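One chain comes next, on its own, written out as structure tokens in the form predicted on its own.
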Amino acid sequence: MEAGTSVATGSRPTIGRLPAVRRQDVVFENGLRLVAGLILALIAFFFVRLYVEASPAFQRFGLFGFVTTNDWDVSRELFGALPLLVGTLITSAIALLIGVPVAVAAALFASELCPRRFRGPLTIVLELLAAVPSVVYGLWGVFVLIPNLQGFERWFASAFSFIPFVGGGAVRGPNYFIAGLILAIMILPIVSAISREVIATVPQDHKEAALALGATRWEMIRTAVLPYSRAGISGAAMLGLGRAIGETIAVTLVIGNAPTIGKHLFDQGYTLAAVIANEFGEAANDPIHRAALIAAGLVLFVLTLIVNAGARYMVRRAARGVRAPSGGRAAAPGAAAA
């Protein structure tokens, strides 16, 4: 038999693939491309549709003026989204500052320090936090957190009054801090779950090597686990930020719904999502008011896209840092191509 001749076994050649199988691969690949293209088309449709519906507000106040004006007054038909944007950013930042360290610590404890028989119940408890409806978190904040944390808030505002935006004013009931604390609890399950999965991918030989060199358990986590999983933890934090930016009902109940920029951390405020939820029903007969609320939704949509783009950048940057060896030397070509 000549070299290179394929030998048939039944109806399937031993070299190459059947034409029908190749056609299935092509159909599957084109189907995935179509689905990906539809997602991009859907995002573009959302953006265009929101812009068209919000154009009356942009024509009256200007795109830049709408975003930078600090005046949201329905009675005078003045709509400036700056206090809403500031409230969204402040509450989301508080949620990240409180929620991400707690979530990462819980993930590290569940993965590296918790006794094996307690890992399952701890994981279930953390994941059950995601099943609680947002309105329940909001009501819990109204009836539990607001009355019970006022003493702590007054002490904190007084003790740290030298820090800008922390002290220097009366502590309100609903305020930025309570809203951020609620959001921190709400993003804890997603950040913790993703961080736990990322930490579980750390190679066991990395951890064993650190312990073999005399590192303590904490030093092993600091030098082997955290650097390897930094990219995934950054992505988890950004996903939590996206959840915090778009949260509506819980924040509406505990932030105070004051369309002004608060002077300190314990002052009342507003967010983009909360104002849409509160006022969209009454704006049906007012075209300018309705357009302004849709414009607020467009600003929230663009802000979410910016957060996602920033998340991808941070993950890629952190991944490059993991590939680079210590000492500032360039990574090997094989590692750079990974």
Partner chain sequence: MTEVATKAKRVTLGGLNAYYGDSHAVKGVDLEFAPNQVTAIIGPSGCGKSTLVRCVNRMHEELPGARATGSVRLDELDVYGPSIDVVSVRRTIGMVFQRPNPFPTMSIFDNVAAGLRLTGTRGVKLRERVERSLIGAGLWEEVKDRLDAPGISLSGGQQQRLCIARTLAVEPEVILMDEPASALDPIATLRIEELVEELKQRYTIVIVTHNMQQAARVADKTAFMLSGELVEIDSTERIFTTPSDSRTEEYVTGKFG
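Since we're looking at a predicted model, the values are computed, not measured. Residue numbers count along the first chain shown, from 1.
The same protein has a further form, the form predicted together with the partner chain, not shown here; the description that follows concerns it.
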task = Choose one stretch from 168-176, 154-162, 221-229, 75-83: the one whose residues place a heavy atom within 4.5 angstroms of the partner chain in the model of the complex.
result = 221-229
ask   = From the list L213, A200, L97, L89, which entry has a heavy atom within 4.5 Å of the partner chain in the model of the complex?
value = L213
task = Flag E208 as yes or no: does it have a non-hydrogen atom within 4.5 angstroms of any non-hydrogen atom of the partner chain in the model of the complex?
result = yes
request  = Answer with yes or no whether K263 is in contact with the partner chain in the model of the complex, where contact means some heavy atom within 4.5 Å.
outcome  = no
query = Are there residues in 105-139 with a heavy atom within 4.5 Å of the partner chain in the model of the complex, and which are they, in order?
reply = R116
